[in-house]
Ligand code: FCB
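Next up: a single chain in structure tokens, the form predicted alone.
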Amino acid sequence: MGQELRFPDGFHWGTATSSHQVEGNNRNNHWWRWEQEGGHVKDGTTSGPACDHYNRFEEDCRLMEEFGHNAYRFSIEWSRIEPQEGRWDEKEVEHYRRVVDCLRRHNLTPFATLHHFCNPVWFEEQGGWLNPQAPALLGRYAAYMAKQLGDAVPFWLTVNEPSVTPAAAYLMGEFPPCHRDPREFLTATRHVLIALGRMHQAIRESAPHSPQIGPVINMTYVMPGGDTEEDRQAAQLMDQYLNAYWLDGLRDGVIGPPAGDGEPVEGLKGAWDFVGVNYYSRAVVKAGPPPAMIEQVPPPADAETSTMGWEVYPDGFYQCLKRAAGYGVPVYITENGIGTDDDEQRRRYVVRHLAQAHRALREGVDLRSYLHWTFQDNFEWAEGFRQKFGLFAREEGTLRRIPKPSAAMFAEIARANAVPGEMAERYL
């Protein structure tokens, strides 16, 4: 039998979701409006009722507890809370109070994300992340929610995957508003980093007690795809944007390349009590033609991949966790999972990545959670409903939650606070 992989006492086990992907009928944000235009989402769907988590959160909390979870990461939908600039909707605030209360009744520690890709329509009409006032507006929203939910939320996550929105929305043209403008990309990149500091400071000043506050960085293990100096420089450029810009910026309080030259920002230095790490795969890059100068190398022909086309590369998880720990703050795994129609592949993926997390723990990484992406199959942004990341299936029509074998496996791990030896032997 294989060796049991035990995790520290008090470790957080659970799943992560985002409001727009699961709640349903978030009609007042820029993603909903973009979906209604048609022709954007790959499988032709729109989010619609999604998983109806807005109305079924009690059922979902009960299932989480039943399947051994002790934590849940959810996001608060800004467009519900502030449907018009400066107008706060107390009814929606009360909804999230009920969500948090439900989590606590079911012995689930709340991890609340304030911004997970979606902007209120009014914010987007003011320029979205291109607006110089964007960090201040996010700070105001963060302060309001910290006051409203008080000490009921012990963990606040400011912005989810801050590298994704600038690149996908303003450079690659994949997320709304689907621009391809390097100058807009750099402007948004600058404003998102400043917002991390503003939001941290606002929560710290507004929460009645002392919650833990941090960003959620989508870390990618970047490797050169060739032996030339140009290939190494291309990898360094991509790593600088995906990882170092955000991590170094928060540690040092500066805006570095590509969006700045190291100029300091008030309130940014040390604006984290922990770092949330999302990890899915590695990126192998080589030198490319102008203007990008970077070209991503596809996975090897014999590589295991997800239905998203991402290579399964567990060692990169270990590398990213070790790197994040080097910044001197606790590390929380806030997302890790795989899009696949093969649940056996999902089970293998989870155990192999937990083995790498355990490897990091043995080497001294202060690791405190594993939040799987995601609880149930849901609306996967520009991909639609085609991609299946959930431990639970979403039955079309009824929206019934159907546990997959991976849900039972994850429950066994969470209850034991360990990967059992037999499971490790099977999948490692």
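All values reported here derive from a predicted model rather than from experimental measurement. Don't overthink the numbering: it's just position in the shown sequence, from 1.
We do not show the form predicted in complex with beta-D-fucopyranose (FCB), though everything after this point is about it.
Asker: Consider Y241 of the chain shown here, and say whether it contacts beta-D-fucopyranose (FCB) in the predicted bound form, taking contact as heavy atoms within 4.5 Å.
Answerer: Output for Y241 is no: heavy atoms all beyond 4.5 Å of beta-D-fucopyranose (FCB).
Asker: Although the partner isn't part of this model, could you tell me whether E335 comes within 4.5 Å of beta-D-fucopyranose (FCB) in the predicted bound form, counting any heavy atom of the residue?
Answerer: Yes - in the predicted bound form, heavy atoms of E335 and beta-D-fucopyranose (FCB) come within 4.5 Å of each other.
Asker: Indicate whether beta-D-fucopyranose (FCB) has at least one heavy atom within 4.5 Å of a heavy atom of T15 in the predicted bound form.
Answerer: No, T15 sits far enough from beta-D-fucopyranose (FCB) in the predicted bound form that none of its heavy atoms falls within 4.5 Å.
Asker: With a cut-off of 4.5 Å between heavy atoms, is R348 one of the residues that contacts beta-D-fucopyranose (FCB) in the predicted bound form?
Answerer: R348: no contact with beta-D-fucopyranose (FCB) in the predicted bound form.
Asker: Find the only residue in F392, Y370, W381, F57 having a heavy atom within 4.5 Å of beta-D-fucopyranose (FCB) in the predicted bound form.
Answerer: Selected option: W381.
Asker: Let me know the one among T113, S281, T189, N278 whose heavy atoms come within 4.5 Å of beta-D-fucopyranose (FCB) in the predicted bound form, would you?
Answerer: If I apply the 4.5 Å criterion carefully, the residue I get is N278.
Asker: If the criterion is a non-hydrogen atom within 4.5 angstroms, does every one of W78, N119 and T158 touch beta-D-fucopyranose (FCB) in the predicted bound form?
Answerer: No.
Asker: Report the stretch among 158-166, 244-252, 123-131, 193-201 that approaches beta-D-fucopyranose (FCB) in the predicted bound form to within 4.5 Å, counting heavy atoms only.
Answerer: The contacting stretch is 158-166.
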